[in-house]
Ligand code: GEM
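Here you get one chain, nothing else, as structure tokens; it is the form predicted alone.
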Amino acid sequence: MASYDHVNWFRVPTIFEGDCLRFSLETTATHAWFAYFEPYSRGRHDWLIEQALTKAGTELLATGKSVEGRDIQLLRKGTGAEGRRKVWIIAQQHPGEHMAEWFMEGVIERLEKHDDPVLQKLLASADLYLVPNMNPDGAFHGHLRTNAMGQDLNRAWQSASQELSPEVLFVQQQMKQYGVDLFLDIHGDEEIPYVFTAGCEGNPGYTPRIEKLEEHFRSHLKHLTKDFQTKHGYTRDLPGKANMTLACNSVGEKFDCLSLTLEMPFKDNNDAPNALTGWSGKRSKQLGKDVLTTVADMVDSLR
């Protein structure tokens, strides 16, 4: 992608020559920026947290620390009262997958709306627990998948430690304190040109109840937006063969809850292609808003 102003991003031609990626641009300005995907800067992240606290009505429930001491904010929209559903959404375990924090911006932007009956239905029953950026060190260093210790956070949920993966340990401690009824881990996939989810079908504790909840989520979101589909995605795990180091599987098993990894494409969505922008921050934001509609539709059936 390229941009002349860090705001409007567009696709440029690319080709592989051996191990080399070549891209070209016939320029119309004196300066241009290039990125693997539309960036989400730390400055914008700080702005997003401020928006969440001042306009979206969330509270800063807790702040963890990364390996290098950067803040990991846990936001809550809701009262925390007993009996309310706990909906968790985390993003950017893999720091190069910027579409994930654009998704979170869409979620927070929708929370700013006070005349949204669907949203009010959701908030009448549930508290939202949001971690907009799980891996600030990785983002700072330009890593695609790892934190400052070289740890892939989405392979650390069975062995999180203060030394290697304090980011995961922080979220696990908060989940233990507050509980989880629905968990969404937001990512981007470099190869598959579709939006899709991966579930917990390989978990030892997978039940027909969880299978039904997964189907409800997928079918509702599929009918809501052309940007989601169920045909393409990862190969399903065989029963009992799940990788339990992944956040989705680990949280789903521990809390016996609906738990999904949601993936967006780096390039474009083949079901709804856009030659100018491909998949983009704007489309990621809209998907975040749409997912809240799906969660609202099923919130009362989570337990």
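All residue numbers refer to positions in the sequence shown, first residue = 1. This is a predicted model, so every value here is computed, not measured.
Only in words, not in the display: the form predicted together with the ligand, which the text now covers.
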Practice problem: Look at the candidate spot formed by 198, 246 and 261 and say whether the ligand comes within 4.5 Å of a heavy atom in all three of them in the predicted bound form. | Solution: yes
Exercise. Have a look at 72-80, 173-181, 150-158, 125-133 and name the one stretch with heavy atoms inside 4.5 Å of the ligand in the predicted bound form.
Key: 150-158
Quiz item: Since exactly one of 220, 85, 145, 110 fits, which has a heavy atom within 4.5 Å of the ligand in the predicted bound form?
Solution: 145
Quiz item: Heavy atom within 4.5 Å of the ligand in the predicted bound form: which of 33, 36, 47, 234?
Solution: 234
Quiz item: Could you tell me if residue 94 has a non-hydrogen atom within 4.5 Å of the ligand in the predicted bound form?
Solution: yes
Quiz prompt | Touches the ligand in the predicted bound form: residue 138 (any heavy atom, 4.5 Å) | solution = no
Quiz item: With the partner left out of view, is residue 188 within 4.5 angstroms of the ligand in the predicted bound form by any non-hydrogen atom?
Solution: yes
